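Heads up, the chain below is alone and in the form predicted on its own; it's given as structure tokens.
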């Protein structure tokens, strides 16, 4: 796989880590600047001082960085022809652009707006109104409500249970000072990474970084994760939404091991065997009409949390839960080893395909960097996972006592 791209990791004199991924034959360049800061980071210690901030602050900060006193970054990108965006997840915030031309100018824009913040009482108040409308919009989304209802039933203390955007009440507490406090803690370049993939000019990238980024003193940050019990909060959550087709999210809260990446990959293999479209369970439920094309199964994981999540729409939520628990009980005694190699190859293929696109490779590199890994580590680990390891792991997961069924829509749980 690495014959298709050349990977180099550089520590810039400013303290910023730079990941260069030259992809042979590509005409497109993609850059993503990541901050190791997400929605779950509501409590942290900076240089010995504990700070607590409102839910939604990381997402709010992402929005505000695009604006300064004169104009917004999107207007500047329009002049270069680059396609730009940003996103906040539970554990990181990323700013990105893709272009086939004017890469140097586009990179200058990225580093300029992200490393020179401007917040005022007036602009913060304006953004509070914008994000409040965004929060209201998701309140009308049954899938979103079912998912976070499930997380609320699953996690007692972990902030992953809270909407990435926060709530109308929490964002109303955000001030310019809070934004600057979080920015100065997490947007220190020593705690960030820049990944550039596709068509790359190493010297051009380093020249822009030399010009745009000043060396910064490293900030010591300790993220605080509250103690989370193994038990769930409650096993059933109903969110009534009149006139809306019911949507369900069934989650199983799992214990976190010492090697989270290996556990994530192992979880993906056994989940595909258990409930993927290659599994007898999926075929049986689909053919009998218990599930439809909306059904999905995923491993939901991050720092200090991992769960198996099954989602879909329709009024058969309770029946789906019964079938999943019945199948899990049966397979603990008769693990389908014949499906192991198929699931393992499919996972390997999905991870390998990330190296085929500039965006997927750039984003993967940032995620892996923050997890303490190199881009190729996942495919290397997949190769070492055995059927015996998968069977032993399966016996420990999908405990019905740690399951939560959440339904949002008209009619509740049937």
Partner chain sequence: MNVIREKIAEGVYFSHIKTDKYKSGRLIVNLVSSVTKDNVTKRSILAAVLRQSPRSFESFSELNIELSSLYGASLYSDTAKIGDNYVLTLGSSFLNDTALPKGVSVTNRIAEIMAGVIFNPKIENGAFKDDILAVEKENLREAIMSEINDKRRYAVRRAIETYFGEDGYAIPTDGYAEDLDEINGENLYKEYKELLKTAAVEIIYDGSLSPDEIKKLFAEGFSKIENRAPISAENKAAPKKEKTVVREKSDVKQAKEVMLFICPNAGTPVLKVMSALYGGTPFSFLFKEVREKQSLCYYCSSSYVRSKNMMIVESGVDNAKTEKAENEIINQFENLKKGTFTDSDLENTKQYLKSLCKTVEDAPSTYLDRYLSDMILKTEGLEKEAEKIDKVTREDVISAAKETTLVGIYSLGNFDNE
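Remember, it's a predicted structure, so these values are computed and weren't measured experimentally. Numbering follows the first chain given and starts at 1.
There is another form of the same protein, the form predicted together with the partner chain; it is not shown, and what comes next is about it.
Given a 4.5 Å cut-off on heavy atoms, tell me which of 154-162, 299-307, 222-230, 100-108 is the interface stretch with the partner chain in the model of the complex.
Among the listed stretches, the partner-contacting one is 100-108.
Report whether the minimum heavy atom distance between residue 245 and the partner chain in the model of the complex is within 4.5 Å.
Yes, residue 245 is a contact residue.
Please tell me whether any heavy atom belonging to residue 237 falls inside 4.5 Å of a heavy atom of the partner chain, as the geometry stands in the model of the complex.
Outside the cut-off, so no.
Is residue 96 close enough to the partner chain in the model of the complex to count, meaning some heavy atom within 4.5 Å?
The answer is no: residue 96 has no heavy atom within 4.5 Å of the partner chain.
Since only the chain is shown here, I'm wondering whether residue 363 would be in contact with the partner chain in the model of the complex (any heavy atom pair within 4.5 Å).
No - in the model of the complex, heavy atoms of residue 363 and the partner chain never come within 4.5 Å of each other.
Site test, 48, 388 and 396 vs the partner chain in the model of the complex, non-hydrogen atom cutoff 4.5 Å:
Spot residues vs the partner chain: no contact at all.
Name the residue from 178, 328, 124, 339 that puts a heavy atom within 4.5 Å of the partner chain in the model of the complex.
The option sitting close enough to the partner is 339.
Heavy atom within 4.5 Å of the partner chain in the model of the complex - the one residue of 173, 136, 332, 218 that qualifies
Result of the distance check: 136.
Using a 4.5 Å cut-off on heavy atoms, which residues of 337-375 contact the partner chain in the model of the complex?
Contacting residues: 339, 342, 345, 346, 348, 349, 352, 353, 356.
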